[in-house]
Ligand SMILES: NC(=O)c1ccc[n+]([C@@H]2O[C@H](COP(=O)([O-])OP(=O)(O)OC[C@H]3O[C@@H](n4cnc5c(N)ncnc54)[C@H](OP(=O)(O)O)[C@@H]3O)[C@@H](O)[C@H]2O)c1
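A lone chain, given as structure tokens: the form predicted alone.
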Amino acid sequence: MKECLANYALRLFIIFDCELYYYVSERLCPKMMKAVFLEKPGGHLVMKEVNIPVPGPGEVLIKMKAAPVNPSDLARIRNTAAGHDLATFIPGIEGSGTVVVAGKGILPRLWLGKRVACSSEYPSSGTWAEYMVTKAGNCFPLSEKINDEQGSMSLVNPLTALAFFEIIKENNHKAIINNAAASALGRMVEMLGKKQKIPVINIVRNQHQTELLKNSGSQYILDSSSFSFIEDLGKLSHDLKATILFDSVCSRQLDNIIDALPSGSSVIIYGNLSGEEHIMINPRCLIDNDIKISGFYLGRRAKKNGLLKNMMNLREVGRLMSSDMKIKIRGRFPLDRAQEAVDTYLGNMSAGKVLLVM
């Protein structure tokens, strides 16, 4: 009887504590916040002051600490600018912060007061802001071993790298080819390849990146600007039986790359760093060599995996980021220098990540 009463009292205390935290946090939250906006299509990023959003049922309000600049952020900015829907659009797909207000629901209250890695749900509430509203299901608690800056980068790239190796195992590929391999994601793919004893052919775009990867211990590196690149790729991919290509560049060179791949290979496109809207692919090569081309989007993969698998992957990301998977940070910028942050990132995307810090 005493044990039942003690448990009941503990539950009441937890509920009361959460309600009190909710009340205090909501009362102490300012009414206005600073956030990044695009001033006009094709224009510069600017900082404005706007009302802080209010979380609804199943949502949380996060006081943001840090958010990276990713290629996916830049793609979203371009796509939104093309649609001219800029009045309420706040960029930023992932970041980290503390949940300060919870909407109705068990999960929002569970995250209340917690440090979390988070992803945006709505175009009008991105991570490039002092506060963000998102679904509680888009938040994942951060280990004490992971600081806010590393935690802000713990979703998009690490989960993409893990997803790649799920695809590799599902289809029994013996070795892989990764384009734009000097990027932060490229380094994660290389690291996981070494851990799982799966050879990775790293494609980079110049001699400088070749030297960087050599110095970091990469074994297979090909420079796409080299005169013999396609010939070298064909020989190495056949020798290693590398039958899957992950390509985030998607340039006009892709046609020649596909032509060099072993028969039965798969090409997975997950980015468009080249900016090319249309590229030519020889259909005869696809038919004769049984080449398959598909796209990859992390959000779609996450929905396919389901909550349990996603939580397992996030636990693995946390383990890796607290030990092996440290992401190099090149620069930190406040919100009012968001355009400078993007320009810095674009100036040398392989030199390290660029963060917006609040």
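The first residue of the sequence shown is number 1, and the count goes up from there. Note that the structure is a prediction, hence the values are computed from the model and not measured.
Not on display, but discussed next: the form predicted together with the named molecule.
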#### Entry: Triple contact flag K65, S143 and V317 to the named molecule in the predicted complex, non-hydrogen atom at 4.5 angstroms
no
### Message
Going by heavy atom distances of 4.5 angstroms or less, which of L273, I230, V100, I198 would be at the interface with the named molecule in the predicted complex?
### Response
L273
### Message
Quick check on this chain: which one of L236, V156, L112, I77 has a heavy atom within 4.5 Å of the named molecule in the predicted complex?
### Response
V156
### Query
Is R205 close enough to touch the named molecule in the predicted complex, meaning at least one heavy atom pair within 4.5 Å?
yes
### Message
Check S120 for me: does it contact the named molecule in the predicted complex (non-hydrogen atoms, 4.5 angstroms)?
### Response
no
### L86, heavy atom within 4.5 angstroms of the named molecule in the predicted complex
no
### Query
Is A136 close to the named molecule in the predicted complex, meaning a heavy atom pair under 4.5 Å apart or at it?
no
### Message
Please pick out the stretch from 103 to 111, 126 to 134, 259 to 267, 242 to 250 that is in contact with the named molecule in the predicted complex, where contact means heavy atoms within 4.5 Å.
### Response
242 to 250
### Query
Though the partner is not shown here, which residues of 44 to 77 have a heavy atom within 4.5 Å of the named molecule in the predicted complex?
N70, P71, S72
